[in-house]
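Just one chain is shown here, as structure tokens, and it is the form predicted on its own.
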Amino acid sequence: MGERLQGSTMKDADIKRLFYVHIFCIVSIILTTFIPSFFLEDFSVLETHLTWLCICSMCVAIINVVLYLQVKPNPSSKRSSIFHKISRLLKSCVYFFISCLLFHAIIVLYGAPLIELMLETFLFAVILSTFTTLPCLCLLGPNIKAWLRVFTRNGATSIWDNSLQITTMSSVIGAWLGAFPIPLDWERPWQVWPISCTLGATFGYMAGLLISPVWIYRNRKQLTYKSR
């Protein structure tokens, strides 16, 4: 009984930490929509979309890395050497770059221009990688086996794994839904490639950040995790 109560208390504490991390991530995205206008002339999400993409990706990346280092949801039992930490960092950077290239290729296969607007397509791939791959790198490290485990059925071993599943799926679905208005003959400024897709991915990511702690909290009694 005591162990069950202790486990429930630890789970609630993890959910609270998860909620705070996600709120900070959402606030960082909101701030990128108007703070740069104080320093950059004629800045707006639509008119200077590529600039906003770069700023948003950078801010979300920094917030993710700093917060996950602070909360340390998956602390290692072994003390790592400096060489191991540097190697892990370099691997993570390589994995993130590969993720950007893979997303770029997938986006092109789904109909994006191959040569024309290549920069726009790549920056879309970068922000999508920031919403999906980067949190995996922060929580799981450059460990493909751990990634495959998390994204298989019943593969989650912690609340943080469930959060990765929800935010990644919602980001990708949001980007996919964002493509639907592009071919419509509405002639709106946000229909220019890839604005609607990046906004869809961003809203999907933010929705996932809000939904995941609420869903986990509501289902916390049913969630059971197997050891890795």
Partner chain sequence: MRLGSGVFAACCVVIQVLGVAVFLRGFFPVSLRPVSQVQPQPPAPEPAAGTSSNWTQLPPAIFRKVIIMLVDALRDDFVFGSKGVQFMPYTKYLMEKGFAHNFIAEAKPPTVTMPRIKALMTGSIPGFIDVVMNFNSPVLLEDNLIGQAKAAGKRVIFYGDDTWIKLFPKHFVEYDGTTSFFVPDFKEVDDNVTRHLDTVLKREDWDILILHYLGLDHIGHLTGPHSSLIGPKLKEMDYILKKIHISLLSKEKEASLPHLLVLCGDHGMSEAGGHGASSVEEVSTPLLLISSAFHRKMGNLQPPKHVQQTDLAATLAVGLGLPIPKNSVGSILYPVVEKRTMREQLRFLHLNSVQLSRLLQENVPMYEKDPGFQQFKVSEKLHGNWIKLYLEGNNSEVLLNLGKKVLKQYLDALKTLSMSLSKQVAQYDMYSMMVGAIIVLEITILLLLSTPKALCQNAAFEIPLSSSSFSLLFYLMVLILSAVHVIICTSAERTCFLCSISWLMAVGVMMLISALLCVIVALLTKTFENVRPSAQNLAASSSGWSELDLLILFGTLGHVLSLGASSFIEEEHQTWYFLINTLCLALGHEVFRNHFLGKDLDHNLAVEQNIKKNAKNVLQYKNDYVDVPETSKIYKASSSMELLPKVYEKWLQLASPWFILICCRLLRTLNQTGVQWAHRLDFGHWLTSSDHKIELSVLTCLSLIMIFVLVQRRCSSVSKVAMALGLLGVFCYRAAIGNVLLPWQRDRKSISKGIIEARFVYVFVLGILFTGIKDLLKSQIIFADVSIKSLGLWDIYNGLVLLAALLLRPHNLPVLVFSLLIQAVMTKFIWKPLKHDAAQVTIMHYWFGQAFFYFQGNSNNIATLDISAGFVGLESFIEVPALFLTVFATYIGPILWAIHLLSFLSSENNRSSAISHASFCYALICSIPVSAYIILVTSLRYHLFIWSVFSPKLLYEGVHLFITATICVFFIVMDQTNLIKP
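Numbering follows the first chain given and starts at 1. Please read all numbers here as calculations on a predicted model, not as lab measurements.
What comes next is about the form predicted together with the partner chain, which is not displayed.
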Quiz prompt | All of Tyr110, Phe151 and Ala179 with a heavy atom within 4.5 Å of the partner chain in the predicted bound form | solution = yes
Quiz item: When the partner chain is placed as it is in the predicted bound form, which of 133 to 141, 119 to 127, 84 to 92, 102 to 110 ends up with heavy atoms within 4.5 Å of it?
Solution: 102 to 110
Self-check item: Residue (of Val27, Ile62, Leu184, Leu69) lying close to the partner chain in the predicted bound form, criterion heavy atoms within 4.5 Å
Solution: Leu184
Quiz item: in the predicted bound form, does Leu114 have a heavy atom within 4.5 Å of the partner chain?
Solution: yes
